[in-house]
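One chain comes next, on its own, written out as structure tokens in the form predicted alone.
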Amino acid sequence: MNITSISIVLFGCTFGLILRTLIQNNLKIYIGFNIQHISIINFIASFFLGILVALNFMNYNILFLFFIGFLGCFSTFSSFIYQLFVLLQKREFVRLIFHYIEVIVISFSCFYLGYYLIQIIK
């Protein structure tokens, strides 16, 4: 990986992190979500990932910018795992199972929706 690729990834990471922080802070203030705000971010990221996969970019700079940089920092798997851990610590096992299934199913559905919309437009 050369310095240009690293710069492109860092540029994408910066905007992904800024957008994630803005959404997290606004969701806490206006909607009052405690744990679920990361899930909404993951749903949005899955939708955009579906769009990007359907567009089938072959340019590595675009892949580095959006796939690795922006979406890599915008949605975080570690935050999802932390949510599950918090529910486990609270011994809310039923909620943990439903949250896990909810995030997986809805994230995949959002991914497929983004992918499907681009396929229709093409």
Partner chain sequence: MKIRSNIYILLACYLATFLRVFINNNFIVSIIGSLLFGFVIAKRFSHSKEQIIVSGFISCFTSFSGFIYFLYKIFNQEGFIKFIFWSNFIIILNLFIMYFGFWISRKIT
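Note that the coordinates shown come from a computational prediction; the quantities given were computed from them, not determined experimentally. Numbering follows the first chain given and starts at 1.
What comes next is about the form predicted in complex with the partner chain, which is not displayed.
- Message: So, Ile51 and the partner chain: in the predicted bound form, are they within 4.5 Å at any heavy atom pair?
- Response: Judged by the heavy-atom cut-off of 4.5 Å, Ile51 is well away from the partner chain in the predicted bound form.
- With the cut-off set at 4.5 Å between non-hydrogen atoms, does Ile121 touch the partner chain in the predicted bound form? Close contact is absent here: in the predicted bound form, Ile121 is far from the partner chain, nothing within 4.5 Å, heavy atoms only.
- Is there any non-hydrogen atom of Leu27 lying within 4.5 Å of the partner chain in the predicted bound form? Contact check for Leu27: no, nothing within 4.5 Å of the partner chain in the predicted bound form.
- Does Leu19 reach the partner chain in the predicted bound form, with heavy atoms at most 4.5 Å apart? Answer no; every heavy atom of Leu19 is more than 4.5 Å from the partner chain in the predicted bound form.
- At a 4.5 angstroms cut-off on non-hydrogen atoms, which residues of 60-75 are near the partner chain in the predicted bound form? List them in order. Residues within 4.5 Å: Phe67, Ile68, Leu71, Gly72, Cys73, Ser75.
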